[in-house]
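The chain that follows stands alone, in the form predicted alone, written as structure tokens.
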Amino acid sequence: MTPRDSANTEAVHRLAAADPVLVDVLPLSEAVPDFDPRTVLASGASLRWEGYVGGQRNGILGGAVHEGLAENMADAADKVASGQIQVRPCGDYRCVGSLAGIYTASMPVLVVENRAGSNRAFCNLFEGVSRHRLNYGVYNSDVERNLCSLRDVIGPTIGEAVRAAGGVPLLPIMKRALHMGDELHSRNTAATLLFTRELFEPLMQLQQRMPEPVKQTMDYLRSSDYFFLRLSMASSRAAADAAHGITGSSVVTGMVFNCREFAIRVSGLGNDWFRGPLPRMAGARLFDGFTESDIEFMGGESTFNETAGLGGFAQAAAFPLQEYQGGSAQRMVEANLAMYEITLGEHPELRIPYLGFRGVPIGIDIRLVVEKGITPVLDIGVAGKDGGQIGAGSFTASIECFELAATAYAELTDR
């Protein structure tokens, strides 16, 4: 076995061995004590402030106002430009960003611990069923009211319940949800129900002393089919982080994008992000009244799920997605099978019933992507130019960033 093969075997092993457990829900400033409270986080590889545009820029400014760092959007823009407010990538603090990826100090985050690797990752809470959300580039009084509810009621209540339960193991839920029609990116209905069941007893115990917060939390969970997405994102980030930093490995350990570009990192290539064009749409279903001309990329890091073998790498487990993001069962199976062509292993626990309970493909190899010209399939929500979600779809990553990474890898290993 060559040194590269040994390194890649270890990377795939760490991806497969990850054991994610939700251990708490805390304000970001408590979960990450070194977090600078004058900071707003955003998805993707870092940009200069003038590089942020559209919904991602609006989300950053709205986050600053929500946090009390600025009086209004204009004031926030001035303070970011002058350096009084910092904008940094989510990854700097082990957070994983949904769409625009906005985090501020007081926002509650799901604390997910990988007990196989003793590392943690964080994700903020699903903002609810309204298509107008901060992470979709909208900030107004309704969004602010919802953010306050998450901060003051929902987050603390779920946190108490999780602590009372002694933590919630997530791998068993993910494993079962894949057998119930989820791919744990664009469909999380089964996983959310299974997770909520784990909290029934501790929430009922809390009911006696805090009835109204428990009622609001149950209403939130009941109406939020996508709640578990944030848990799968944190789980995938924790697994990918555990597989990162292995000398000689050509396995992808992160896929993210901001409002301008897509980027990947590779286990054996340090902390550099290799950047390329934004993903290309393979197929999408837009809400009534919207067309492809309304689509805007605002960023996103939920593609850590594909990095860990979920989402587009598990489409054959989620035929109900046809109703939500279009496509057909045949196309889903074909797309899923193609992902085995660019990966080095299969997950021993997360399996796809339609494929004879074959494990989801894990361990994207940059060399295979370039050699075969097959790029990762990504299941993502679709944002609109005026903010808000306007649909969902299947996208394919650009190959340019994989080519750059492969060149850098070849130069490094040829030394």
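All values reported here derive from a predicted model rather than from experimental measurement. Position 1 is the first residue in the sequence shown; the rest follow in order.
One more form of this protein should be noted, the form predicted in complex with another copy of the chain, which is absent from this view; the next part is about it.
*Asks:* Using a 4.5 Å cut on heavy atoms, which of T189, N119, S149, S106 is close to another copy of the chain in the predicted bound form?
*Replies:* Result of the distance check: T189.
*Asks:* Though another copy of the chain is not shown, can you say which of L193, V168, V80, M73 has a heavy atom within 4.5 Å of it in the predicted bound form?
*Replies:* Contact with another copy of the chain in the predicted bound form is made by L193 alone.
*Asks:* Is every one of E201, Y354 and F357 in contact with another copy of the chain in the predicted bound form, taking contact as a heavy atom within 4.5 Å?
*Replies:* Yes, each of E201, Y354 and F357 comes within 4.5 Å of another copy of the chain in the predicted bound form.
*Asks:* Do G181 and another copy of the chain share at least one heavy atom pair within 4.5 Å in the predicted bound form?
*Replies:* Residue-level check for G181: yes, a contact with another copy of the chain.
*Asks:* Would N140 show up as a contact with another copy of the chain in the predicted bound form if we use heavy atoms at 4.5 Å?
*Replies:* Taking the distances in the predicted bound form, the answer for N140 is no, it never comes within 4.5 Å of another copy of the chain.
*Asks:* Is there a heavy atom of Q84 lying 4.5 Å or less from a heavy atom of another copy of the chain in the predicted bound form?
*Replies:* Close contact is absent here: in the predicted bound form, Q84 is far from another copy of the chain, nothing within 4.5 Å, heavy atoms only.
*Asks:* Does any heavy atom of S130 come within 4.5 Å of a heavy atom of another copy of the chain in the predicted bound form?
*Replies:* Close contact is absent here: in the predicted bound form, S130 is far from another copy of the chain, nothing within 4.5 Å, heavy atoms only.
*Asks:* The chain here is shown without another copy of the chain. Which stretch in 211-219, 307-315, 256-264, 236-244 comes within 4.5 angstroms of it in the predicted bound form, by heavy atom distance?
*Replies:* Heavy atoms within 4.5 Å of another copy of the chain in the predicted bound form occur in 211-219.
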